[in-house]
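First, one chain by itself: the form predicted on its own, in C-alpha coordinates.
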(Lines give C-alpha, C1' and ligand atoms only; values in the text may rest on other atoms or scores of the structure.)
Protein backbone atom coordinates (compact mmCIF):
# COMPACT_ATOMS: atom_id res chain seq x y z
CA UNK A 1 0.00 0.00 0.00
CA UNK A 2 1.01 3.58 -0.59
CA UNK A 3 -0.23 6.94 0.63
CA UNK A 4 -0.71 9.82 -1.80
CA UNK A 5 -1.84 13.00 -0.12
CA UNK A 6 -5.00 12.06 1.81
CA UNK A 7 -5.72 8.74 0.01
CA UNK A 8 -4.48 5.17 0.40
CA UNK A 9 -3.88 3.02 -2.67
CA UNK A 10 -3.06 -0.66 -3.13
CA UNK A 11 -1.32 -2.45 -6.01
CA UNK A 12 -3.76 -3.18 -8.81
CA UNK A 13 -1.61 -4.13 -11.82
CA UNK A 14 2.08 -4.74 -11.14
CA UNK A 15 4.81 -3.43 -13.43
CA UNK A 16 5.37 -6.85 -15.05
CA UNK A 17 1.66 -7.18 -15.91
CA UNK A 18 1.67 -3.75 -17.52
CA UNK A 19 4.78 -4.60 -19.57
CA UNK A 20 3.24 -7.85 -20.82
CA UNK A 21 0.02 -6.22 -22.08
CA UNK A 22 1.82 -3.23 -23.61
CA UNK A 23 4.11 -5.60 -25.52
CA UNK A 24 1.09 -7.56 -26.78
CA UNK A 25 -0.60 -4.37 -28.05
CA UNK A 26 2.66 -3.28 -29.72
CA UNK A 27 2.83 -6.62 -31.56
CA UNK A 28 -0.69 -6.11 -32.92
CA UNK A 29 0.20 -2.59 -34.05
CA UNK A 30 3.41 -3.83 -35.69
CA UNK A 31 1.36 -6.33 -37.72
CA UNK A 32 -1.51 -3.97 -38.55
CA UNK A 33 0.72 -1.07 -39.63
CA UNK A 34 3.41 -2.94 -41.54
CA UNK A 35 4.47 -0.70 -44.43
CA UNK A 36 2.27 2.24 -43.32
CA UNK A 37 4.62 4.56 -41.33
CA UNK A 38 2.07 5.65 -38.68
CA UNK A 39 2.28 8.74 -36.52
CA UNK A 40 1.50 8.16 -32.85
CA UNK A 41 -0.28 11.03 -31.11
CA UNK A 42 0.29 10.62 -27.37
CA UNK A 43 -2.04 12.49 -25.03
CA UNK A 44 -0.19 14.19 -22.18
CA UNK A 45 0.27 14.06 -19.30
CA UNK A 46 -1.13 10.67 -18.40
CA UNK A 47 0.00 8.60 -21.38
CA UNK A 48 3.70 9.44 -21.21
CA UNK A 49 4.80 6.13 -19.61
CA UNK A 50 2.46 4.01 -21.73
CA UNK A 51 3.54 5.84 -24.90
CA UNK A 52 7.24 5.45 -24.07
CA UNK A 53 6.94 1.73 -23.33
CA UNK A 54 4.70 1.13 -26.34
CA UNK A 55 7.04 2.91 -28.76
CA UNK A 56 10.02 0.92 -27.45
CA UNK A 57 8.25 -2.20 -28.77
CA UNK A 58 7.23 -0.74 -32.15
CA UNK A 59 9.56 -2.11 -34.84
CA UNK A 60 8.04 -0.43 -37.90
CA UNK A 61 9.01 3.05 -39.11
CA UNK A 62 6.91 5.61 -37.24
CA UNK A 63 6.80 9.06 -35.69
CA UNK A 64 5.43 10.36 -32.41
CA UNK A 65 3.97 13.70 -31.42
CA UNK A 66 2.11 14.95 -28.35
CA UNK A 67 -1.07 16.82 -27.52
CA UNK A 68 -2.21 17.95 -24.12
CA UNK A 69 -5.82 18.18 -23.08
CA UNK A 70 -7.43 18.39 -19.68
CA UNK A 71 -10.79 17.18 -18.43
CA UNK A 72 -10.00 16.19 -14.84
CA UNK A 73 -9.62 18.02 -11.59
CA UNK A 74 -8.29 15.96 -8.65
CA UNK A 75 -10.33 12.72 -8.81
CA UNK A 76 -13.33 13.80 -10.88
CA UNK A 77 -14.03 14.53 -14.52
CA UNK A 78 -15.11 18.09 -15.17
CA UNK A 79 -17.09 16.91 -18.20
CA UNK A 80 -15.37 19.55 -20.32
CA UNK A 81 -12.30 19.19 -22.49
CA UNK A 82 -9.87 22.06 -22.86
CA UNK A 83 -7.06 21.77 -25.38
CA UNK A 84 -3.85 23.10 -23.88
CA UNK A 85 -1.21 22.22 -26.45
CA UNK A 86 -2.24 21.71 -30.04
CA UNK A 87 -1.04 19.60 -32.88
CA UNK A 88 1.47 21.13 -35.30
CA UNK A 89 2.28 18.13 -37.55
CA UNK A 90 0.66 17.68 -40.96
CA UNK A 91 -1.52 14.59 -40.66
CA UNK A 92 -3.15 14.74 -44.09
CA UNK A 93 -3.03 11.28 -45.62
CA UNK A 94 -1.20 9.80 -42.60
CA UNK A 95 -2.19 6.82 -40.48
CA UNK A 96 -2.68 8.08 -36.93
CA UNK A 97 -2.69 6.10 -33.68
CA UNK A 98 -3.90 8.04 -30.63
CA UNK A 99 -2.15 6.85 -27.46
CA UNK A 100 -4.21 7.49 -24.32
CA UNK A 101 -3.80 6.38 -20.72
CA UNK A 102 -7.46 5.84 -19.84
CA UNK A 103 -10.90 6.06 -21.37
CA UNK A 104 -13.73 6.28 -18.88
CA UNK A 105 -16.51 8.64 -20.01
CA UNK A 106 -15.09 8.86 -23.54
CA UNK A 107 -15.56 12.63 -23.61
CA UNK A 108 -11.85 13.40 -23.97
CA UNK A 109 -11.32 10.76 -26.65
CA UNK A 110 -14.37 11.96 -28.59
CA UNK A 111 -12.96 15.51 -28.64
CA UNK A 112 -9.45 14.37 -29.64
CA UNK A 113 -10.77 12.19 -32.48
CA UNK A 114 -12.98 15.01 -33.78
CA UNK A 115 -10.04 17.43 -33.81
CA UNK A 116 -7.73 14.91 -35.49
CA UNK A 117 -10.24 14.14 -38.25
CA UNK A 118 -10.17 17.81 -39.30
CA UNK A 119 -6.55 17.18 -40.37
CA UNK A 120 -7.72 14.65 -43.03
CA UNK A 121 -5.66 11.62 -41.93
CA UNK A 122 -5.81 8.39 -43.94
CA UNK A 123 -6.98 6.59 -40.78
CA UNK A 124 -7.28 7.12 -37.05
CA UNK A 125 -7.05 4.31 -34.49
CA UNK A 126 -6.75 4.35 -30.71
CA UNK A 127 -4.35 2.58 -28.34
CA UNK A 128 -5.56 2.76 -24.75
CA UNK A 129 -3.93 1.47 -21.59
CA UNK A 130 -7.12 1.34 -19.49
CA UNK A 131 -10.80 1.27 -20.42
CA UNK A 132 -13.69 1.58 -17.93
CA UNK A 133 -16.75 0.24 -19.78
CA UNK A 134 -19.09 1.03 -16.86
CA UNK A 135 -18.26 4.75 -17.07
CA UNK A 136 -18.54 5.13 -20.86
CA UNK A 137 -20.91 7.93 -21.96
CA UNK A 138 -19.78 8.35 -25.59
CA UNK A 139 -19.51 5.88 -28.45
CA UNK A 140 -15.80 6.04 -29.25
CA UNK A 141 -13.75 3.44 -31.12
CA UNK A 142 -11.16 1.70 -28.97
CA UNK A 143 -8.95 -0.34 -31.27
CA UNK A 144 -6.12 -1.49 -29.00
CA UNK A 145 -6.97 -1.86 -25.30
CA UNK A 146 -4.51 -3.23 -22.76
CA UNK A 147 -6.92 -3.60 -19.82
CA UNK A 148 -10.66 -3.28 -19.18
CA UNK A 149 -11.16 -2.32 -15.55
CA UNK A 150 -14.00 -1.55 -13.16
CA UNK A 151 -14.96 2.06 -12.58
CA UNK A 152 -12.47 2.62 -9.76
CA UNK A 153 -9.92 5.38 -9.29
CA UNK A 154 -6.41 4.36 -10.33
CA UNK A 155 -3.01 6.02 -10.06
CA UNK A 156 0.53 5.26 -11.22
CA UNK A 157 2.21 4.46 -14.54
CA UNK A 158 1.49 8.02 -15.70
CA UNK A 159 -1.92 8.47 -14.09
CA UNK A 160 -2.15 10.84 -11.16
CA UNK A 161 -4.09 11.88 -8.13
CA UNK A 162 -4.03 15.68 -8.03
CA UNK A 163 -0.65 15.74 -9.78
CA UNK A 164 1.01 13.01 -7.69
CA UNK A 165 1.77 9.35 -8.36
CA UNK A 166 2.56 9.50 -12.09
CA UNK A 167 6.07 8.19 -11.36
CA UNK A 168 4.92 4.87 -9.90
CA UNK A 169 5.97 1.87 -12.02
CA UNK A 170 2.87 -0.18 -11.12
CA UNK A 171 -0.79 0.76 -11.27
CA UNK A 172 -2.57 1.30 -7.94
CA UNK A 173 -6.25 1.44 -7.07
CA UNK A 174 -7.90 3.54 -4.38
CA UNK A 175 -8.37 1.42 -1.29
CA UNK A 176 -12.04 1.03 -0.42
CA UNK A 177 -13.27 1.38 3.14
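All figures in this text were calculated on a predicted structure; none of them were measured in a lab. Numbering follows the first chain given and starts at 1.
Not on display, but discussed next: the form predicted in complex with a small molecule.
The small molecule is not shown here, and in the predicted bound form it never comes within 4.5 Å of any heavy atom of residue 119.
Using a 4.5 angstroms limit between non-hydrogen atoms, residue 87 is distant from the small molecule in the predicted bound form. Contact check for residue 99: no non-hydrogen atom falls within 4.5 Å of the small molecule in the predicted bound form.
Shown alone here, residue 68 lies farther than 4.5 Å from the small molecule in the predicted bound form, counting heavy atoms only. A single residue from the set 28, 36, 152, 56 has any heavy atom within 4.5 angstroms of the small molecule in the predicted bound form; that residue is 152.
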